[in-house]
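Below, in structure tokens: the form predicted on its own, a single chain.
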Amino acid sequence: MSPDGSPVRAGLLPERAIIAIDGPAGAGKSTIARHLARHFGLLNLETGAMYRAFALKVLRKGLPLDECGVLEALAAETTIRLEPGDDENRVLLDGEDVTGQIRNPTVTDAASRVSVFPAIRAWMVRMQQQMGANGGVVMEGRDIGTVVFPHADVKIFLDAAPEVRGQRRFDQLGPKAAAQPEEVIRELHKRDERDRNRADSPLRPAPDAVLLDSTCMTLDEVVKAAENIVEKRLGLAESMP
């Protein structure tokens, strides 16, 4: 039985499964989602990249990040698609490949700010549900297991201490880092505050999510733990040699 009392779907074929990975910024969701997608032969859908792409368009047009009406009007004339790539999704904004332009801190911060508006989240959720409707996906974000796919076959809430997440984010940026680790951690605390306290779809684990705290774990340990969670939830562990 699952934590919510429903039966585990034993032996569900991975190619039809929906795996939801939620968690705060810097928890490693993208890394784990990419690995699980490759390992189980699924499509990786990174919802954070969709918010970043929209934020990039807002910044390009010089529009305010805190006026819902303006953002909603822009969303109505915006298309965002994700296509499988070798190492990560290709992110297409109105047909333009912007994959390499959405990872800088300015765009990331803007994405966090525009994502607080219910109208923008509702628009994104509709797109995300369409992308994953046929299953066979690993989708990561902040409200996948609670809002986008509340009936996902596997739900993982990936977390770590803010100081650990901040240091990982700093290391990830490498030479591109424009701030010291302490500043990155402070910004991450602010983003956590916005994500956890927004009125619409606040960041929180789904009641039936498996909590995975990676604070004291190596990447290999987190990867293996995530694999085990998926195999157990899909009933694959019993059938494997």
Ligand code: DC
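These numbers were taken from a predicted model, which means no experiment stands behind them. Don't overthink the numbering: it's just position in the shown sequence, from 1.
The following text describes the form predicted in complex with 2'-deoxycytidine-5'-monophosphate (DC), which does not appear among the structures shown.
Contact with 2'-deoxycytidine-5'-monophosphate (DC) in the predicted bound form, defined as a heavy atom within 4.5 Å, holds for exactly one of Ala111, Leu158, Val154, Leu82, namely Ala111.
The single contact residue among Ala27, Ala209, Ile32, Ala49, judged by any heavy atom lying within 4.5 Å of 2'-deoxycytidine-5'-monophosphate (DC) in the predicted bound form, is Ala49. Residues with any non-hydrogen atom within 4.5 angstroms of 2'-deoxycytidine-5'-monophosphate (DC) in the predicted bound form fall in just one of 188-196, 62-70, 33-41, 211-219: 188-196. 2'-deoxycytidine-5'-monophosphate (DC) is not shown here, but in the predicted bound form it comes within 4.5 Å of a heavy atom of Gly141. Contact annotation: Arg90 falls outside 4.5 Å of 2'-deoxycytidine-5'-monophosphate (DC) in the predicted bound form, judged by heavy atom distances. Within this chain, Arg103 lines the site of 2'-deoxycytidine-5'-monophosphate (DC) in the predicted bound form, having a heavy atom no more than 4.5 Å away. Although the partner is absent here, Arg168 sits far enough away that none of its heavy atoms falls within 4.5 Å of 2'-deoxycytidine-5'-monophosphate (DC) in the predicted bound form.
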